[in-house]
Structure formats: C-alpha cells, structure tokens
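Structure 1 and structure 2 below are two forms of the same protein chain, each written out on its own as structure tokens.
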Structure 1
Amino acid sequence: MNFDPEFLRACVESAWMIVAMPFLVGFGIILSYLFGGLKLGEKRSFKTAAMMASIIAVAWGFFHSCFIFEALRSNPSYSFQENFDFFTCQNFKLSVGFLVDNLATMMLIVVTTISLFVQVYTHGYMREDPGYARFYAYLSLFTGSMLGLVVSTNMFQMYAFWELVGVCSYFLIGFWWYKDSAAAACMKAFVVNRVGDFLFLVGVIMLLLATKDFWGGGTVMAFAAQHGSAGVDLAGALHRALEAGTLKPELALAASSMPLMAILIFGGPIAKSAQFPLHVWLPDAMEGPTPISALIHAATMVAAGIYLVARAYPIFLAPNGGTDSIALAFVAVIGTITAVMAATIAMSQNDIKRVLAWSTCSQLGYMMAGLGVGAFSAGLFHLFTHAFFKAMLFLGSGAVIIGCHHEQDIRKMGGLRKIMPFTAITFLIGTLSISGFPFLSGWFSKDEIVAAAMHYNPVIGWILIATAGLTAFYMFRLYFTVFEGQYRGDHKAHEVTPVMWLPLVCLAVPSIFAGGLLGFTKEAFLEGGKAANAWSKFVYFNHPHIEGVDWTVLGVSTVVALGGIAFAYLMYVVKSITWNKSIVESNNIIYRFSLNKWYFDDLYGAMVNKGILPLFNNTWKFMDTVIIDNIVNGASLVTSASGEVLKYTQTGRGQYYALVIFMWVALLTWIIYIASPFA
C-alpha cells in the first residue's frame, strides 16, 4: 500500500502526540477524581469512560507509530528532531524535544503494541477491582512516561522521563497498597532504583562537564545532531572532548575518565533492567496486578535500560569507535552473570509469576550481553522479539491465576491444557519461543547473540549456551507442571473470558513470525552472514552490523535448548527421571541456594539492618546531640553572656556613647589598614 509522502512526513513531525495523549488521559482521570470526589470512581459510567479513553489514546499511538515506521522504511530521510529551550544561562542551555529515527520508531511500536494489549486485557482482569479507573490512570501515565523516554533528544530529557517511569512503577507495583507485601515491594523497587539512578546522574554530570564546550551551539548531550543546526551528536562531542583532553580514554578515579563515566551511566540500566547486583526488586514487583507485571517486565520499564545503552552507545565504545572497550566488557560481564544467575534461580521457584520474573531477568542479561559483545542489532532484536512472547506469557499467567481462582502456586495446578485451551496453546507458543525452538522468533534473536558472544569471548559464549539449556528446562518445567498431568487445585478451574484470551492470540502472531520476517534473509542467513538482515538494516541503517549466522554455534545452541526441553519432559511428564523429587526432599545446599535466590535478599537485608541503618542512626544522634545541640546551646550561652556584659555599657551618658563610637571606628579603620593588600 502506497501512502502520500506528505501524510507520512506529517505523521513523523507530529510524533509528540503519541506521548501527549496518554499523559492527557492519565491526568484527566486523576483530576476527575480530585474534583469529582471518590464516589465518582465507583460509577460504572466513569469506569467505562476511563477505560475507553486510555485504550483509545494508546491505540492512537500504535497506529501513529505504524505510519512512522512506514515513513522511515520508505525514506530514512524523514527522520525528524525538534528541540525547545528549557533552561538558558548565558551560553549554556538545556533543551527538550522529540527525536524520531529508526531506533526510536522500533521502541515506539514495541511500547504501544504491548501497552494496547495490556490495557485491553486489564478490562477483564481488573473489572471488579474498586480501583479500576485509577489503575487505568496509572497505566496511561506509565505508558506516556516510557514513550517520552523513547523520543527524548538528549540525556538530560531522558533522565527526567527515566525518573517518571520509576515513580509510575512505584504506584503500579504498590497499587494494592493495603497489602503489606505490595507496600514493601514498591518501596524496595523505588529504593533499589534510586541507587542506580544516583550513579546514572553522576555519570551524566561527568559527561556534561567533559563535553560542555563541544556541542557547537546545538543541543547539549544530544543523541543525534539536528538537521540545519551547527551542533554535533553524542559521538562527535565525545571525539572533540578526547582530542581536547577534557576526556581521558583510560579507566581512572577521575571525572575525566571516559570508561568510568560509561560505567556510572550504566548504573541506571543495571537497576532499571534488573541486572546483577541490583536485580533484587524485580521478582518482588510481582505483587502488583498481573497486567502491570506484563507491562513492566515485557517492553517498558525493564527495556528502558537496554534502550539507554543502545541510544548512548558511543559512550561505551572505545575512543577509536571499536567495541573492544572496558565499558562494553563490563556490560558484557554483568549481562552474562545476570543471565545465568537468574536462570538458576528460576529453576526452583513455584510461584508462576516469579518464574516468569526471573526469566525476564535472565533474558535482559542476554540483551545486555549482546550489546556488550558488540552485537548491537542482535541485542535490540532480542528486546523486540522478547517483548511479545514475554507479554503473552505474563498475560497467560494472569489468565491461569484467574482461571484457578487467584492461585499462583504451580504445585496446585496441572491438567489445564484441556480446561483452558486458548491459554494453553498461547502459553506453549511463548514457552517454545523463549526456549529458542527452531524458526520461532526467540530462536533468531537469541542465537545471534550467542554467535556474537562466542566470537567475542568463548567463555561468555559457552555460558550463554548453557543458559539457553537452563531456560528451556525451567520454562517447560513451568508449562508441564501447569498444563499437563492431573489438576491438583482446590477449586474447579475454568477458561477466562475472550477479552483476556484474545490479546494472547494476537501476541502469539509476532511471537511466531517476527523473528523470521525481520531476521531471515537469503544473504544474512543462508550465505553465512555476508549481508545484514532486514532488522539490522532498519535499526542501524547508517552502517548496519553484519551479525551473520554461525552454523556451528547455532546448531550447538539449538541442540542444548532441545535437550533442556527433553529433560523437562522426562522429569515432569514421563517421570522416568526423579532427580527433582530427591533434590527437593533432600533440601541440599544447591537447591537452597537457588530457592533463596542466591541469598541476595538476606545479604542486602543484613547490610541495611545491621550496617547502614545503625550507622545512619548513630551518625544522626552524633550530629543532633553533639554538634547541633552544642552549637545551639553555645550560641545561646554566648548571647546571654554578651548581654550580661554589654548591659553595663548602657549608662545613659551621651559623652560615653560618643567615645565608644569613636573607639569602634578607630578599631575598624586599623583592621582595614592592616588587612589591605596595598598597605
């Protein structure tokens, strides 16, 4: 279908509406609450209006994003950027605006697609909840914040939306605030993310100090240079700073160290994308309603860290533009540790949502590892494919929870394939895709990362291959335990309504075909990677990476994944292997290590309760009782003593007062004379 070029250009230049509409809806619902009273939220008409407005806003964003994709696919020159001055002081200014290029368009489609299906699904999942309209308000604000982050033109603006995403996630994770577990989970997520965000802020300040004179009068900390502007992009400013010596290429504890700056900025993605060692908030975020679990864990909040690393990639590269940098090596190591750590923890979890949460953590590690080993396009490709099948899996878990009368323990499920056929088949598709089953979307994106990692460092490559086997095992452990065998629940299970399973069916389509359509070309796949695939050509169109197929690595990875599936089948369906039962019953150290999530919660709890909080309490007492109290009491004592002395100078005699004035004038004159540099 051919569209009018002027229409496509207008769609690109009006991309700000994609961000504005969810914000308007979210604030509109909240203002209605404030001015209409709490009883308004109980009215059926208001709930329906809130739901329709929220869904229409994100549906608009979805179709608008699709038109933008078509515009940039047909003509990359349609990329558009517009900036407005936010703060100006002499020659320094900070700007806000919106940037629409190929990378942003990819994320716009992912966020709006997942958000649209989540909001439709929410109507079925939350319709009996008294906070129904309020939940839609939070969803809209969350979606708008993430979309604003995606189209940000510079690091300053991205940091602002980054914090908005964190605040909205706090509201959504703690939506059922009257539950102690939910209140603790949202606080934990907020505090842990503040640690990473502080490091991120320090890195941004270092970037500003090192490059403030090299933006050519354009947007400061801009990701891309604006057409018709004398300014430069991030890569250009870094290059100028390195040449001028305000930025140093070596790792050191100095504000001018480029690797240190990159690692500090990476602190934000470590927390937001739940990377080791700031991953502990993610599983507890399951205390929020399932729709927000799908939204946070599939395409929005946790993907923000991946997007930041990709968008600010020049900061992580070596000074010569290569991928052999300290910063990228750090990213690769952190991603690899996260991938294997979360996979080992997921193997022993029995809460259906927590298994998927740890799975998300592991897959995010895969994406980070991909970016770290230089597989830029592959890391983002896995973000894209993962968003669809992981959203489908989370929404499927919500359907299972509703169908089993709010039961989340997989040991009390089983046999649901016949009871919940729509949920079962879509869950199976998602499980196959994330396991790397041949020709499903996850197979294309994950194995590109593994192949690149193997060429970068065989140790990282083999760890990721082993993680692929673990992923296949624990995901099919989940599927077989929930959907095969005999039902073990206390209440009769049932299939959910179409408003809940239809989004699953829709998400199953990209979960099957997205990888093949974008990652499969004759040149890129059959001829050993002599040309970039369709995904790389679009996302990195200026100079696409050629991340071709390594048939040996692909074959080994696929065999390992299929082995994990077979092992889970023999253990949980045929039951010819009984190691799992003996391991659980023996409660050995390896099982406890996995079940207790590598004891990170215990470690951090001990650090906070026995280290940080007592130190803070003692410091506060010392500052308050020893320093502040003594300063206040001392000032009072000095004032009182001075008054006692000076009261004797009030004699009522004019000659005495004149003499005192003359003495002070003489004293001050003498002091000024002595202190004067010209004396």
Structure 2
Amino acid sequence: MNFDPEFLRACVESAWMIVAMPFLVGFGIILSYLFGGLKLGEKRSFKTAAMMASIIAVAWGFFHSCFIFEALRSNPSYSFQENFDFFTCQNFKLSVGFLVDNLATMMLIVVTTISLFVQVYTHGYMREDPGYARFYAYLSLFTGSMLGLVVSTNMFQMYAFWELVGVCSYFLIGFWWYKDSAAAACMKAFVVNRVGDFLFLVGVIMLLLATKDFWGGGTVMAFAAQHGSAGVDLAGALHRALEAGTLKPELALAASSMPLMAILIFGGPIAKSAQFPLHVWLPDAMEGPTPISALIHAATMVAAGIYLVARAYPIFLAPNGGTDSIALAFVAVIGTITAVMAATIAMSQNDIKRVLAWSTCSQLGYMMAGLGVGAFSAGLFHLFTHAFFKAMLFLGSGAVIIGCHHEQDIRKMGGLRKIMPFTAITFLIGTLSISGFPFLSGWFSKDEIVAAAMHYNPVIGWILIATAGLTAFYMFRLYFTVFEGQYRGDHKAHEVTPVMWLPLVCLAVPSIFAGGLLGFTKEAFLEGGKAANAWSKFVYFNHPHIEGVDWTVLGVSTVVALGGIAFAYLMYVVKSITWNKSIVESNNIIYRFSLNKWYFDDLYGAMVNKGILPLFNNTWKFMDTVIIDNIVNGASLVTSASGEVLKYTQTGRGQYYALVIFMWVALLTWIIYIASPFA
C-alpha cells in the first residue's frame, strides 16, 4: 500500500493526539463520576460509554501509530519533534514535547496494541465489578502516561511521565482497596519505585550539572537534536562535556563521573523494570486485576526501564562510543543476576500469576543483559516479542482464574485443556514462545541476546543459557499443572466468553510470527552470511547491527530449552521423575530459599520495620519532644518562675517603694563614686 507522503507527515506531526486522547477520556470518566454521583457508575449506559470511549481512544492511537510507522519506514532518515516551554526563567528552561523516531514508534505500536487488546479483554474480565468504569478511567490514564513517556523529548519529561505511570500502577494495583494485601502491595510498589526514582533524580541532576552549558540553546537534556535549530542531542552534549572536562570518564564518587551518573540513572530502571535488588514490588503487584498485570506489569510499564536505558544509551557508553563501558557492564550484570534469580524463584511458586510475574522479572533481566552487552537491537527486540506473548500469557491466566472461579493456586487446577480449549492453546503458544521453542518469536529474540552475551562474556552467556533451561522448565511446569492431568478444583470450571479469548487469539499471532518476520534473514540463517534483519534495520543505535547466526550458541540454547521442556514433561505429565515431591517434602534450604523469594521481602521488611522506623521514631522523639520542647517549655518555666518570685516585690505599700527607690539611688551613687575618675 502506498500512502500520500503529506498525509503520513501530518500523522507524525500530530502524534501528540495519541497521548492526549486517552488522558482526556480518563479525566472525562473520573469527572463525570465525581459530579454525576456514584450512582452514575452503576448505570449500564455510563459503563458502556466509558468502555467505548477508552477503546476508541486507544484504537485511534493504534492506527495512528501504524501510520507513523509507515511514515518512518518509507523514509528512513525521518524523525520529528516539537517542544514547548514548561518552566522558564532568566537562564533556565524546561521543555516538554513529543519526539517521533524509530525507537518511539516501535514503543508506540507495542503500547497501543497491548493496551487495545487488554481493554477489549477487560470488558469481559471486569464485567461484574462495581468499579468497571473507574477501571477504564485508570486504564486510559495509564495508557496516556505510558505513551507520553514513550514520546518524551528529554530526560525531564521522561522523569515526569515515569512518575505518572508509576502512580497509575499504584491506583491499579490498589484497585480493590478493601483487600489488605492489595493496599500493602500498591504502597510497596510505589515506595520501592520511589527508591529507584531517587537514584534516577540524582543521576539526572548530575547530568544537568555536567552538561548545562552544552545544549546550544536547545532543549535541555534532549534525547535527539531538533532539525534546523541550534539544539544538541544527548550524545553531542556528553561529548562536549567530556571535552570540556565537566564530565570525567572514570568511575568515582563525584558529580562529574560519567559511569556513576549512568549507574544512578539506571537506578530508575532497576526499580521500574523490577531488577535485582529492587524487584520485590513486582510479584506483589499481582494483587491488581489481571488485565493490569498483563498491560502494566508485563508488557509496557515494566519495559519502560529498558526503554529508558535505550533512550539514554549515550550516557552508558564509554567515552569513545564503545559498548565496553563500566556502566554497561553494570547493566549486564544486574540483568543477568535478575534473570537467573527470578527463574529460580519462579520454579517453586504456586500462584499462577506470581509464576508469570517472576518470569516477567527474569525476561526483563534478559533485555537488560542484552542492552548491557551491547546488543541494543536484540534487547529491544526481546522487549517487543515478550510484550506480546507475556501479555497473552497473563490474559490467559486471567481467563483461567475466571474459569476456575477466582482460584489462583495452580495446585487446585489441572486438566483445563479440555474445558478451556482456546485459553489452553494460546497459553501453550505463549509458553513455547517464552521457552525459546524453535521458530517462535521468543526463540529469535532471546537467542540474539544470548549469542551477543556469549561474545561479550562467556560467563554471562552460559548463565543466560542455563536460565533459558530453567525458564522452559518452570513455564512448562505451570502449563502442565494447569492444563494437563486431572482437574483438582472444588468448583466446576468453564471456558470464558469470546470477548476474553479473542484478544488471546489475536495476541497469539505476533507471539508466533513476529520473531520470524522481523528476526529472520535468508543471508544470515541459510547462507551463512552476515546481515541485518528487518528489526535491526528499524530499531538500532547509530547504525544497523549486522550479525551472522552463531549456530553453536543457538543450538546449545535450543537444546537446553528443549531439555527443560522434556524434564517438565517427565516430571509433571509422565511423572517418571519425582524429584519435585522429594524436594518439597525434604523442605531443604534450597527449596526454602526459592519459595521465600531469596528472603528479600523479609530482609527489606526487617530493615524498614526494625531498623529505619524505630530509628526515626527514637531520633524524632529525642530531638523534638525531649530537647527542643524542653528548651522551649524550660524557657517559659524560668520566666514564670522568676515572675512568681518577683511578684512578692509588688506589695503596694508606699514606704516600701520609697525604700527601694532610695536604695537604688544610693547604690547608683556609690557605683558612680567608685567608677568616677575624680575619686
């Protein structure tokens, strides 16, 4: 299909509408709720209107994004941004705006697609819930915030929308606020994210300090230079700062250290993308309704961390532009630790959503590791494919939960394949894809990361391969326990309505084909040559990455993954291996370590409840109520006490006053006499 270039250009230049529409819808619903009274929220027509408005806004965004993609695809060097002043004073300016380039377009498509399917699915999932319209409002607000984050032109705007997606996540995790667990989870999510935001903030102000004179009058901390203006992009400003010496290439505890700055900025992604050691909020976030888990805590918001690292990639690079920097090594190590840690935890969990949450955590570790080892395109490719199959898996788990009457414990499921065929088949596709089954989406993207990691550092490479085996194992443990064998629940299970399984089927298509379509090249795969695949021709840093296929790594990793599947099959379907039972029964340290999530929650809980809060309490009581108030009250006590004493001098007798006056005069005369020079 060929489109009018003018039309495509207009689409790009009006990209702000994609962001604005969900915001308007979200605010509209909430305002009508507030002023139309709560009764309005129960009306069928209002619910339908809220649902339709939300879905139309995001569907618009989806088609608009597709046109933007077409505009950028047909004109490879094209990008567009527009900035508006947000805060100005004499010599300081903060801007917000929207930037449309390849990276942003890719994320726009991911976010709008997933959000669209999730919103359709929500109609089925939340149908009975009294907060149906409110839920759509939050969904729209989240979608708007996430899209705003995606099109951010500079670090300040990114930080702002970063917080906004965080708060939407807070609202949605705590959607069922009357549940104690949800109340605790949403607060935990926000506060843990704020820990990351603190580091992010410090990193950003360091960046500002180092580069403040080098933006050439353009937008401060801009990601990309504006066409036809004096503005400078991030890489350019950093380069100038390094030359001027306000930024130093070595790691040091100083505001001018570039690696320190990068690591601090990475603090934000550590929290947002649930990386070790700030991953603790993500599993608890599963207290939110399942569509949220799919949209926010699997596909989009948690990927914002990956997106930020990709956007701010120049900060992470070595001064010569190489990927062998300290900061990227840090990213790679954190990503690898997260991948393997989350995978070991996922093996022993029994809540269907929590297994998926840990697997999300682990896959985000892969993406981080990918960016860290310098595989920019591969890391984002995995973000892309993972978004589809993980959203599908979560929506599938939601269907299972509904089908089993709000049961989340996989020990009370089983045999659902016959009862819920659509859910089962899509879930199987997702499981195969995430496990790295050949020719499915996950296989292409994950193995690109693993191959790059192997070249970067064999230790990281082997850890990631081993993790792929663990992933295949725990995902199939989940699949077999839920869908094979005998049904073990108390209530009769049923298949969900088409409005819920249709989005699953739709998402299954990219879960199968996206990897092959974008990741396969004839030259690389069949002819042994080197070539850039369709994906890395569109999403790349500086220049498209040209890579051959490392069949050894690919083969080993595929074999390990298939081994994991086979192991799970023998253990949970054939039941010829019974180690699982003996491990659970022996309750040994390794099992407990995994079951208790490496004891991070206990550690942090103790730190806050036994360490920080008592410390604050005691310090505050000591300072404010003991020291300061005692000084204040003491001062007033001295005043009133001296008043008490002195009041006895007020006798009211004339001769007494005359005596006092006489004595004072005598005293003063005597003093003057002593002190006078005439004496």
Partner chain sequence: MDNALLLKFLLFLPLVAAIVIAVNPSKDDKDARGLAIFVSSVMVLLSLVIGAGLEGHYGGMQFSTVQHWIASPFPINFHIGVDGLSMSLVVLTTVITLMAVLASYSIKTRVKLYYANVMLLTFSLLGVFVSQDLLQFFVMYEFELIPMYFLIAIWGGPRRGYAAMKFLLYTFFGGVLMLAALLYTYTQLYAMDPAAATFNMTQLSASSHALPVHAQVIACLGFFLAFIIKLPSVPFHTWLPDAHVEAPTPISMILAGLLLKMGSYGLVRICMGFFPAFFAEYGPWVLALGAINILWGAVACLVQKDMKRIIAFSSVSHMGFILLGIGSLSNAAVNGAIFQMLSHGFISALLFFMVGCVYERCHTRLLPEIGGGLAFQMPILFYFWMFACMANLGLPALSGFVGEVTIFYGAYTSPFATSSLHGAWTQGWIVAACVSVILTAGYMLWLLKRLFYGPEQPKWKGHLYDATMTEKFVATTLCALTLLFGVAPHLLTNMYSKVGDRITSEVLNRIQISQTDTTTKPNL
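Rigid core: the largest C-alpha set superposing within 1.5 Å between the two forms. Note that the structure is predicted; figures quoted are calculated from it, not measured. For numbering, take structure 1's sequence and count from 1.
> Any idea which of the pair is the form predicted on its own?
Replying inline: Answer is structure 1, the other one does not fit.
>> If the two forms are fitted on the core, does Val665 show a Cα displacement reaching 2 angstroms between structure 1 and structure 2?
In response: Superposed on the core, Val665 moves its C-alpha 2 Å or more between structure 1 and structure 2.
>> Quick check: Pro249 between structure 1 and structure 2 - does its CA shift reach 2 Å or more after fitting the rigid core?
In response: Result for Pro249: no, shift under 2 Å.
>> So, superposing on the core, is the move of Tyr78 at the CA at least 2 angstroms between structure 1 and structure 2?
In response: Moves: yes, 2 Å or greater.
> By how many angstrom does Ile628 shift at its CA between structure 1 and structure 2 when the core is held fixed?
Replying inline: Comparing the two forms, Ile628 shifts 3.2 Å at C-alpha.
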